[in-house]
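Here you get one chain, nothing else, as structure tokens; it is the form predicted on its own.
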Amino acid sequence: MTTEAPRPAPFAEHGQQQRYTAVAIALHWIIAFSIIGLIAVGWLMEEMDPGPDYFAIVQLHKSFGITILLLSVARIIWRLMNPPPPEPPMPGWQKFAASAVHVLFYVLIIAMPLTGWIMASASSDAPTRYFGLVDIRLPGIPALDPATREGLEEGFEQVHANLAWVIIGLLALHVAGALKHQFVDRDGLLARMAPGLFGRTAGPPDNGQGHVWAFGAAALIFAAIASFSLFSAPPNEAIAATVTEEEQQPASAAPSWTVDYGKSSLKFRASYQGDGFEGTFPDWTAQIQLDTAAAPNPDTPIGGYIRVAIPMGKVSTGEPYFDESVTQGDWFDVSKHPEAVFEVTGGVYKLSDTQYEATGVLKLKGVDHPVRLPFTLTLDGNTATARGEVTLQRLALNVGAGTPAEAKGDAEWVANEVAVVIDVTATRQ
């Protein structure tokens, strides 16, 4: 008669088993579930059509990705300052495999969000606005030329997607190993990272040390990059508010007019995917001189000068996707060209008592484009009300050159025609 050899008692029962610190456990599970969730959301994004909903999910995806990167920095520093508790006895090959998987995980929790961040910083579609609060880009990448940025975006997009599959493979190995230790070896290994749920432990070696170093380093990295993005952004408000001495000087002998911005507006109408939408530029400024008393003459300009300065970094359409996208890359590219100016010098024609035409130059993205703006003007004492509308071809202005102007397969498209509408109420000085 034979008897079965007694099964070794779980490692915890020998009084040697200790769990990880509470900080290590919290960071482990937060990062793990976040990465799994972001991979799932990434697959969902691949099935979505471009549009406002897609843009909102992309921004959240990027924001959580950056958060994972910062938490991963804290996790690695915490790990270096707080060695893990002793492992239960196991064969050498298992120790090596477990160590290799852990090292690769540490590499990937940095590499995965970092490659996504590089891809997002190089993209011309939309900025990376951290939970809608601040545009946070990796330093240096947005200043690269468009061709280089496009190459970075495409290359790191592929790397980012491939790393997701590497993480999935490692995760399968990690889970399989943990389950083997829990249900086959029954050595209490899994309880070290999930105490209470998979068994009792003797507690951590201590409460841990290096809280300030771990989380302070992550916060410092975030603050440094956010500050760089903030201070490297074009100061649109300052540009809009600045009036040079040259602009203050009268450009014409015609009477000057002061714009009532509360009653005036600068709007545009366009079409996205066949659906029309309207936007406005809220912070434009204008210098106007105009001789409304001159006799109508379609062949000879009247006395006058018009200069409208438009900070391009602020656009309001009611759709965050449009507002963010249009300021980037091959659209308005506000990082290099923060302001557009429409200037009319000696080119105002009075066609009738109420019909006028301003023939001037629109300077957009550093290039001059001739524009003829017809407008109506009515007078009520010293108050003038003017309304003008002109249709521009965005592709001719090199705006959104990479976006089709008509439907082509599944690609998003924006109509070539953009109507600009100006309503001005001004008082004669």
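When you see a residue number, it is the position in the sequence shown, counting from 1. Just so it is clear, the structure is predicted and the values come from calculations on it, not from any experiment.
Just so you know, the form predicted together with a small molecule exists too; it's not on screen, but the next bit is about it.
Proximity of E157 to the small molecule in the predicted complex: non-hydrogen atoms within 4.5 Å are present.
By the criterion of a heavy atom within 4.5 Å, I35 is counted among the residues contacting the small molecule in the predicted complex.
The closest non-hydrogen atom of A358 lies beyond 4.5 Å of the small molecule in the predicted complex. The small molecule in the predicted complex is not approached by A147, whose heavy atoms all lie more than 4.5 angstroms from it. Heavy atoms within 4.5 Å of the small molecule in the predicted complex belong, among the stretches 328-336, 99-107, 293-301, 276-284, to residues of 99-107. Highlighted residues I306, G313 and F342: none comes within 4.5 Å of the small molecule in the predicted complex, counting any heavy atom.
For the residues L395, L70, I39, V371, the 4.5 Å heavy atom test against the small molecule in the predicted complex is passed only by I39. This chain lacks the partner; the member of H211, R269, R186, H174 within 4.5 angstroms of the small molecule in the predicted complex by a non-hydrogen atom is H174.
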